[in-house]
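Below, in structure tokens: the form predicted on its own, a single chain.
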Amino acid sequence: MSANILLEVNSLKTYFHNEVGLVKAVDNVSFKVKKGETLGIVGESGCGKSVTSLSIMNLVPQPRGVIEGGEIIYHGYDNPLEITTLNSQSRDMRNIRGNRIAMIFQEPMTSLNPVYTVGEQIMESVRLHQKRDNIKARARAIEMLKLVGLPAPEQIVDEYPHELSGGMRQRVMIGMALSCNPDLLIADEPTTALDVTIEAQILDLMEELQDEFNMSIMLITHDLEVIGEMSERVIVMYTGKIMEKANIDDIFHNSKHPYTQGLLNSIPQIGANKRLIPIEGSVPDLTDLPSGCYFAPRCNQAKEICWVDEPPEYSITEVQKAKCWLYDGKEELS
């Protein structure tokens, strides 16, 4: 394993058991996160992006949610640690979660506890992982609020979430996530519900802090424009599977999977005199998936085999991979 790899996910399978049936929310997903890079994960709602991040954090809702197979290997210690073998409340897992791997959750108003001040919520993590007393933990909380660009941090540290705007709460979440200098920051839709001006500020802030802390970012979003601005490599997911992996330039200028191409054709461009081409249909019910390729019912390039057999992953180049029968004859990876 390269010394440059921070996190390695191999053949991850996270399933949910309910009355309706078995939901394969993440199905045989593999990827690596390099040290210091930003990896983008993009796809429509329900494609498995957030469940992948919850699996890495060992926070899959139980008992219905279960990691059925695969590995999640964290390389931040001298000896690699396999996260799927750890109890979610074990000391090793708690030393990783929030400390070495931190997460910005999708909705800051529901992620922040309304009955505690924002300062107290940052201090809790600092006291637990950095072993600081209350005075030093409070100083660290004020330092982080200042670092993320909040005005009057000495005042905001004693305020409650409802007293702050959406953008301010999102900055608090980023400050909380970075308070212990993590190796990896998982940002799940970090700019959801923010206006474009605040969104740009949050993205710029994340890039600045990434350089300052030399951390990796796993950016989860449905917005390809955000991916294009932030990421170096991209994973495109659909119905719990990875459809395409590539460097950012290849995704935008030489995408291979029809689903990726469909997402790109759906992006409005200022000044472009062309009509948007939406992807027809909708994401299938995960309890009633079609046979063959799951994207076939929505694909304008589907062949007969696409309706019968699930395609393997093919290697287009050393970096770019696509799970599509269009590339039958290329090196088969799975």
Ligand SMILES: Nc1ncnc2c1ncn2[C@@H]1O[C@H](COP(=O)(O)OP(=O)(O)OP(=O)(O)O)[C@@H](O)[C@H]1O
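One rule holds for the numbers: they count along the sequence shown, beginning at 1. Everything quoted here is computed from the prediction, not taken from an experiment.
Although not depicted, the form predicted together with the named molecule is the subject of the following passage.
*Asks:* So the named molecule isn't shown here. In the predicted complex, which residue out of E199, D183, E189, D250 has a non-hydrogen atom within 4.5 Å of it?
*Replies:* By the 4.5 Å heavy-atom cutoff, the listed residue in contact is E189.
*Asks:* Heavy atom within 4.5 Å of the named molecule in the predicted complex: which of P61, P278, G281, P268?
*Replies:* After the contact test, the surviving option is P61.
*Asks:* Given that the partner is absent here, does L286 sit within 4.5 Å of the named molecule in the predicted complex, heavy atoms only?
*Replies:* Within the cut-off, so yes.
*Asks:* May I ask you to check whether G40 falls inside a 4.5 Å heavy atom distance of the named molecule in the predicted complex?
*Replies:* Output for G40 is no: heavy atoms all beyond 4.5 Å of the named molecule.
*Asks:* Could you tell me if L12 has a non-hydrogen atom within 4.5 Å of the named molecule in the predicted complex?
*Replies:* So L12 does not count as contacting the named molecule.
*Asks:* Does any heavy atom of E68 come within 4.5 Å of a heavy atom of the named molecule in the predicted complex?
*Replies:* It does not: once the named molecule is placed as it appears in the predicted complex, E68 has no heavy atom within 4.5 Å of it.
*Asks:* Taking the named molecule in the predicted complex, which residues along 39 to 53 bring a heavy atom to within 4.5 Å of it?
*Replies:* Residues within 4.5 Å: E44, S45, G46, C47, G48, K49, S50, V51.
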